[in-house]
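Only one chain is given next, in structure tokens, and it is the form predicted alone.
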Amino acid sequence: MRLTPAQLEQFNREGYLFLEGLFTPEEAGLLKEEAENIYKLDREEVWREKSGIARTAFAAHTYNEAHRRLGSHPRLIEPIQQILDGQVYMHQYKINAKAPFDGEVWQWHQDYGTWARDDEMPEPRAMNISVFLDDVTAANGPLLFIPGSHKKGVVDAGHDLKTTSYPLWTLDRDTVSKLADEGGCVAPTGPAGSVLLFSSLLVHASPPNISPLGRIIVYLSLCHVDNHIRAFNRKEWIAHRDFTPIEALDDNCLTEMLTETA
């Protein structure tokens, strides 16, 4: 799968690209069922909110077959290779939940800010993919983006170790306000199976979910193989140390699994 010139121009201008319904409801349903099974596991990779409910599951592609296949899916890998102009490896894979009523905030941040400071990734030649496993609406804690903020480079940030169970290098209110004055603030929403591609420099966050509607999103963070991390300060299942280029599977790899389990 290749992006069109118009899509590439939009990505370069806004810092993100929304692809509605890239995966079928059946594919999204399979991945959601497997994600819910993963959240039940007693593994160190499964992080929980202070309330005890699941917040995120790291590295699921290393211990779950459906998510292994998603991590090498051509609908995801090929566009990122196109944007980054070369082969990529998996820097991070996580499944984030916003549980009904109890899903907590993700503070304003840039992902590359963390990757540069904590992992010594040389350049922002890396980016994110998010795959919606539920319908994402204005009500259930959607991602918030500041369009164009990826053009600002690495923004000053502080290391927040208290707000949530997961530490982040976060931006203060004044900085976020100034960026939003220039670029606005958007919340891309859409049905399960939709995909967001966004720059690792794009400033983003997500609000708490106080609705009765849960939402699960898978995040793949892909990095050009020449740009791999130089420091190993975080656990391997958070910041991967296998820089082997991803070989894309067949486009029907998830539908094959649906057939196998029918």
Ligand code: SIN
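In this text, all values refer to a predicted model and were calculated from it rather than measured experimentally. Start at 1 and count along the sequence shown; that's the residue number.
Below, we refer to the form predicted in complex with the named molecule, which is not included among the displayed structures.
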Open item on the list: Since the partner isn't included here, can you check whether the named molecule sits close to all of 32, 99 and 134 in the predicted complex (heavy atom within 4.5 Å for each)?
Closed with: no
Open item on the list: When the contact criterion is heavy atoms within 4.5 Å, does residue 125 count as touching the named molecule in the predicted complex?
Closed with: no
Task: Contact of residue 224 with the named molecule in the predicted complex (heavy atom, 4.5 Å) - done: no
Task: Residue contact check: residue 219 to the named molecule in the predicted complex, 4.5 Å heavy atom - done: yes
TODO: Would you please decide whether residue 194 lies within 4.5 angstroms of the named molecule in the predicted complex, comparing each non-hydrogen atom pair?
DONE: no
Task: Residue among 176, 129, 88, 143 with a heavy atom within 4.5 Å of the named molecule in the predicted complex - done: 143
- [ ] Could you tell me which of 150-158, 184-192, 72-80, 102-110 sits within 4.5 Å of the named molecule in the predicted complex, going by non-hydrogen atoms?
- [x] 102-110
- [ ] Would you give me the residues of 191-218 that have any heavy atom within 4.5 Å of the named molecule in the predicted complex, in order from first to last?
- [x] 204, 206, 215
